[in-house]
Ligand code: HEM
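Only one chain comes next, encoded as structure tokens, the form predicted alone.
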């Protein structure tokens, strides 16, 4: 692996960890606290906006770095004809699913926060974030298998 590929892989893993960790933190710590009424609108809005930004940036960075790594390590035949290639394709599907779940969850959360409500938008967003946390952990597991 060339130095550039090592750097790209490192960036890829850092953003994957940041994104996955952020989603899991929101699903397991932030939203349950909000549904209990222990968070105010403004801090929750800040966290949700921050997560949306992290998610969008991470999704873009992972698309670019993952595309580079796949292009450097796989051919079309090896992507569709090998176990590791199939895992890479599976990661792309999980990546798309995670992006959609986080967008849907933050959209529900932020629209409710615009009405100055906390508990009901947090309850509405929680299933999306629980699913997103599961997908994020799955992505890390599949990535670990590939590496």
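Numbering follows the first chain given and starts at 1. Worth saying up front: this structure is predicted, and the values here are computed from it rather than measured.
Here the subject shifts to the form predicted together with the ligand, a form of this protein not shown in this document.
ask   = Does the 4.5 Å heavy atom contact test between residue 67 and the ligand in the model of the complex come out positive?
value = Yes, residue 67 sits close enough to the ligand in the model of the complex that at least one of its heavy atoms falls within 4.5 Å.
is_contact(residue 133, the ligand) in the model of the complex, heavy atom dist at most 4.5 Å = Residue-level check for residue 133: no, no contact with the ligand.
key: Heavy atom of residue 19 within 4.5 Å of the ligand in the model of the complex   = Residue 19 belongs to the contact set for the ligand.
query = Is there any non-hydrogen atom of residue 12 lying within 4.5 Å of the ligand in the model of the complex?
reply = Heavy-atom contact with the ligand at 4.5 Å: present for residue 12.
Complete contact of 31, 41 and 128 with the ligand in the model of the complex (any heavy atom, 4.5 Å) = Contact check failed for every one of 31, 41 and 128.
key: Option touching the ligand, based on a heavy atom within 4.5 Å in the model of the complex, out of 113, 91, 51, 101   = Answer to the contact question: 91.
message = Please pick out the stretch from 33 to 41, 115 to 123, 102 to 110, 57 to 65 that is in contact with the ligand in the model of the complex, where contact means heavy atoms within 4.5 Å.
response = It is the stretch 57 to 65.
query = Across 124 to 147, which residues bring a heavy atom to within 4.5 Å of the ligand in the model of the complex?
reply = Residues within 4.5 Å: 139, 140, 143, 146, 147.
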